[in-house]
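The chain below stands alone, shown as structure tokens; this is the form predicted on its own.
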Amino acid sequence: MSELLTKSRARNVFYGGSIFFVVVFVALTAQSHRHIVEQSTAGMPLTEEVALGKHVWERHSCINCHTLHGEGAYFAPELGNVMTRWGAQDDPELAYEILDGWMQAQPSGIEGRRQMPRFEITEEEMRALAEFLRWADQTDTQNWPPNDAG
């Protein structure tokens, strides 16, 4: 056995294998980066208003009840595709009006139903939240959620 794997052969196997796997790692990293940039990002630009909407989403802990692309709690509806469901994906003003109307109507007071708390959100924040949800709706989720309602 000692004749088959000499010290220099073992070193060559080690270096050759290491170089091979570094090349594979770099190639897969480049492919992943290209896939994320070209296919897995939202179809609309990330603006200051979208960023503000994300901050509103985080500050009010919306993820504690809602899901966004399958991540979060399952107490309330999925919001990753809410603008498509509302037919407001391409109209920022309609998106704002529907979201604002929905938020103003909460809590509904219907006994036996899950209730959304009332949040004190400014008009600027509400518009930003609508833009964030429009932005999230344009992300290529590869057909997630599996149904329209999430």
Partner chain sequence: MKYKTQKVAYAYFIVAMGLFAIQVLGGLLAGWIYVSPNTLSELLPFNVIRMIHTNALIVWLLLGFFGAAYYLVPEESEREIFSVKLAYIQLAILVVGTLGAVGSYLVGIHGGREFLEQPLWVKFGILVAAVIFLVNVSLTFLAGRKTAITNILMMGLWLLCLLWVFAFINPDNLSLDKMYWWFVVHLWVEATWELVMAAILGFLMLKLTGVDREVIEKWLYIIVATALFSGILGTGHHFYWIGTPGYWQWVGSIFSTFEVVPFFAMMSFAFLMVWKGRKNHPNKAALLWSLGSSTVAFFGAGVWGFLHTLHGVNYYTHGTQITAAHGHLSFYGAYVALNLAMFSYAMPLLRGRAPYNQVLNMASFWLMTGGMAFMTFTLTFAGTIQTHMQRIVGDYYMDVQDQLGLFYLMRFGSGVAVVLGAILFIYSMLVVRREVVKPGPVVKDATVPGE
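Keep in mind that what you see is a predicted model, and the values were worked out from it rather than measured. Positions refer to the first chain, counted from 1.
Here the subject shifts to the form predicted in complex with its partner chain, a form of this protein not shown in this document.
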> Which pick from M103, C65, I121, L94 sits with a heavy atom within 4.5 Å of its partner chain in the model of the complex?
Replying inline: C65
> So in the model of the complex, does any heavy atom of D90 sit within 4.5 Å of its partner chain?
Replying inline: no
> Taking 4.5 angstroms as the cut-off for heavy atoms, does A136 touch its partner chain in the model of the complex?
Replying inline: yes
> in the model of the complex, does P107 have a heavy atom within 4.5 Å of its partner chain?
Replying inline: yes
> Is there any non-hydrogen atom of I98 lying within 4.5 Å of its partner chain in the model of the complex?
Replying inline: no
> Listed by sequence position, which residues of 66-81 have a non-hydrogen atom within 4.5 angstroms of its partner chain in the model of the complex?
Replying inline: T67, L68, H69, G70, E71, G72, A73, Y74, F75, A76, P77
